[in-house]
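A single chain, nothing else alongside it, follows as structure tokens in the form predicted on its own.
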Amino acid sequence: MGESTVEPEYRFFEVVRGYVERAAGLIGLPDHVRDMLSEPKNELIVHFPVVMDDGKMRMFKGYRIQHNNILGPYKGGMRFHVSVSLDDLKALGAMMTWKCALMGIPFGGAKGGVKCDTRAISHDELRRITRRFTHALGSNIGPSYDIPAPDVGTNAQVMVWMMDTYMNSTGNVTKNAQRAVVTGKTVTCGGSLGREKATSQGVVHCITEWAKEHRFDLEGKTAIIQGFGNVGCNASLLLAKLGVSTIAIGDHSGYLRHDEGFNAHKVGDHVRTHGSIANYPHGSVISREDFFATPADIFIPAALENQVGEAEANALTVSLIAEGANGPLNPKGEEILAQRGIPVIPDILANSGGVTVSYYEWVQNLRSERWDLEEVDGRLEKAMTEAYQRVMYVARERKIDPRLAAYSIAMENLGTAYAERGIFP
């Protein structure tokens, strides 16, 4: 499997908590605030029945982790995947809290999903699972309380089904105002222009800023990308416009290399039709080990967490890593990359373009507005550029790595909010 985890015993939530402990110690965060941020406020598990295409009833397990809402409504994706677990969702929910605090977005952090194999269910089954899950969540989501978004295994269509189910469970007077219950919708049904490419756009803005900072000319450079869904595909498209060719790609089905560069439009079309890069007619099939050993200038991990461990970190021959996925490096891999001097733009900065444009979509829904693409892209570029510069300034001033700098900024913002607001009653 292309996305097989590096360590079976890997505990994602404990890894994230480790970053939190280090950052909290660095900024002198009070113990009581550290304790409050170390666990989610709410952990919801629901079991719900779905009628499958063969007429049989099947039970599914769904989750919603609401980590923190001191800065605003809970916000985070819905993941439909066989690997969905409480531990991983707790980690991902916490990371959403840090992202929003880092970016200065008035949201908290959440994450949820359904444990299922989307490749083994039909379009109609996916729709019924989505609607039953949304119904089971009930008032645990809402436009002023908890706002889901797409994640692995979900897309704009799934978000529209969630929105429609929620809207049809509310009163007629407020129905139209409920479009803001989810973000990442289709544009027709209230989504924002630029949302689909937003996460990738944020990654590429960070790469561009790093290149300027290091006088690194992107024209003629190469990239390797793990994961070729929404984030990986759009990152490849955006990099191509800057003169960067993608020479190796991979997903759950395997890995391909094409030294002349892949056409991201054609690969994307193939993935949308067939569900993976398997049997794509261009490029040579390579092993996972060969993928990580492919010399390139930029590596974008855009698959699942825990993909780069000791072996992968030693094999990589790149000038920069920009994390399109959440938690793609495990601590051992990260340590080796640091020893080798390979810089990493951390996930809570690099891939925060998605939640930033989700915020713009939410605002547009609440105001009944539609912003043009130029405005959305302009706002996102300004937000990402400022966040990148803020993180790198703190990293230089405190002589720490960018990940610890990003966590420190986020936790300082959260700590200030708790200090100013206090604890009720």
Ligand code: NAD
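Residue indices: 1-based, along the sequence shown. Predicted model, so just to flag it, every value in this text is computed and none were measured.
Only in words, not in the display: the form predicted together with nicotinamide-adenine-dinucleotide (NAD), which the text now covers.
Only one of the listed residues (90, 81, 132, 205) places a non-hydrogen atom within 4.5 angstroms of nicotinamide-adenine-dinucleotide (NAD) in the predicted complex, and that residue is 81.
Between the options 192, 307, 97, 236, the residue in contact with nicotinamide-adenine-dinucleotide (NAD) in the predicted complex by a heavy atom within 4.5 angstroms is 307.
Heavy atoms within 4.5 Å of nicotinamide-adenine-dinucleotide (NAD) in the predicted complex belong, among the stretches 331-339, 132-140, 239-247, 149-157, to residues of 149-157. nicotinamide-adenine-dinucleotide (NAD) is not shown here, and in the predicted complex it never comes within 4.5 Å of any heavy atom of residue 201. Taking the partner from elsewhere, residue 294 is found to have every heavy atom lying beyond 4.5 Å of nicotinamide-adenine-dinucleotide (NAD) in the predicted complex. The shortest heavy atom separation between residue 324 and nicotinamide-adenine-dinucleotide (NAD) in the predicted complex is within 4.5 Å. Proximity of residue 303 to nicotinamide-adenine-dinucleotide (NAD) in the predicted complex: non-hydrogen atoms within 4.5 Å are present.
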